[in-house]
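Heads up, the chain below is alone and in the form predicted on its own; it's given as structure tokens.
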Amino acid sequence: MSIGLALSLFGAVIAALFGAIGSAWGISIAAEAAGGVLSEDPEKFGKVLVLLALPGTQGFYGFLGAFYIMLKIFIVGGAAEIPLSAGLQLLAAGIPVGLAGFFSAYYQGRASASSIFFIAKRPDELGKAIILPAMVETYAVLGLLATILMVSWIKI
């Protein structure tokens, strides 16, 4: 395996791993709040579930970023020979979606937890409660967009 290919794969790992870790962390934060609310009122499960799932999207964004990097380096049936410079660029391209996903999932989990507590008191305000953590989502999407644009412009 060439160093360029190894660096490219490491960029894909950064994208997928950090997105997944952030999502797991964010969902666990929201799940703690959900558990408390549902222990008092199990009827709110449907509303709470929507808010609980929001921090999980960063894991999907990380996977998409990793998949896009792998599409760039794997040519029908096998890996292309990746120059060192392209490998470094693909490694760097995995960082935006990985780090944006990691941090935004954590903070989205906190925002979701706050919205879950909001729903506990005002169950008819689900739309407003979703908007709060959805604002954090914007930055995960920007991280994914940055990764896609960077990978698209790299020449192999």
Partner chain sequence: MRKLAIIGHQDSRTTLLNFLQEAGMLQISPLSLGEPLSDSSENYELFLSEIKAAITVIDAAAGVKKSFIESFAPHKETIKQEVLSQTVREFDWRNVINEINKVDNELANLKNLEGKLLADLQVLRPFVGLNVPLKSLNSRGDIAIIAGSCRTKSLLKLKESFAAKIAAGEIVIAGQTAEKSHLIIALVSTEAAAAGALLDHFSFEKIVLPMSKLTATEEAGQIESLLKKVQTDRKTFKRELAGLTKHKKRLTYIYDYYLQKNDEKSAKERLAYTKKAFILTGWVARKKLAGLKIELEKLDPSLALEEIEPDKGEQPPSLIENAGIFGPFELVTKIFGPPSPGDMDPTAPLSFFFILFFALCLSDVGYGILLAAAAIYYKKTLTLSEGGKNLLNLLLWGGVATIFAGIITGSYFAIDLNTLPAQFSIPLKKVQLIDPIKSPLNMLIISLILGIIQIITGLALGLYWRVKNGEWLNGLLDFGLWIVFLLALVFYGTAAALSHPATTILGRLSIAGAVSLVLTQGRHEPGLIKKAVSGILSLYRTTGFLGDTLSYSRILALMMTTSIIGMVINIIADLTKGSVPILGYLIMAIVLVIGHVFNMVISVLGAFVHSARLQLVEYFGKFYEGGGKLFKPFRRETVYTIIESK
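Because the structure is a prediction, the values reported are computed rather than measured. Numbering follows the first chain given and starts at 1.
Form predicted in complex with its partner chain: not shown, discussed below.
Peer 1: Can you tell me if K128 lies within 4.5 angstroms of its partner chain in the predicted bound form, counting non-hydrogen atoms only?
Peer 2: Looking in the predicted bound form, residue contacts with its partner chain include K128, since a heavy atom lies within 4.5 Å.
Peer 1: Looking at the partner-bound form in the predicted bound form, is A34 within 4.5 Å of its partner chain by any heavy atom?
Peer 2: Because no heavy atom of A34 falls inside 4.5 Å of its partner chain in the predicted bound form, the answer is no.
Peer 1: Is there any non-hydrogen atom of A20 lying within 4.5 Å of its partner chain in the predicted bound form?
Peer 2: The answer is no: A20 has no heavy atom within 4.5 Å of its partner chain.
Peer 1: Taking heavy atoms and a 4.5 Å cut-off, does I95 contact its partner chain in the predicted bound form?
Peer 2: Residue-level check for I95: no, no contact with its partner chain.
Peer 1: Check for me: heavy atom within 4.5 Å of its partner chain in the predicted bound form, for each of A86, L88 and L99, yes or no.
Peer 2: Checked in the predicted bound form: no contact with its partner chain for any of the three.
Peer 1: For the stretch 39 to 68, I need every residue with any heavy atom inside 4.5 Å of its partner chain in the predicted bound form, listed N to C.
Peer 2: In sequence order, E43, G46, K47, L49, V50, A53, L54, F60, Y61, F63, L64, F67, Y68 come within 4.5 Å of the partner.
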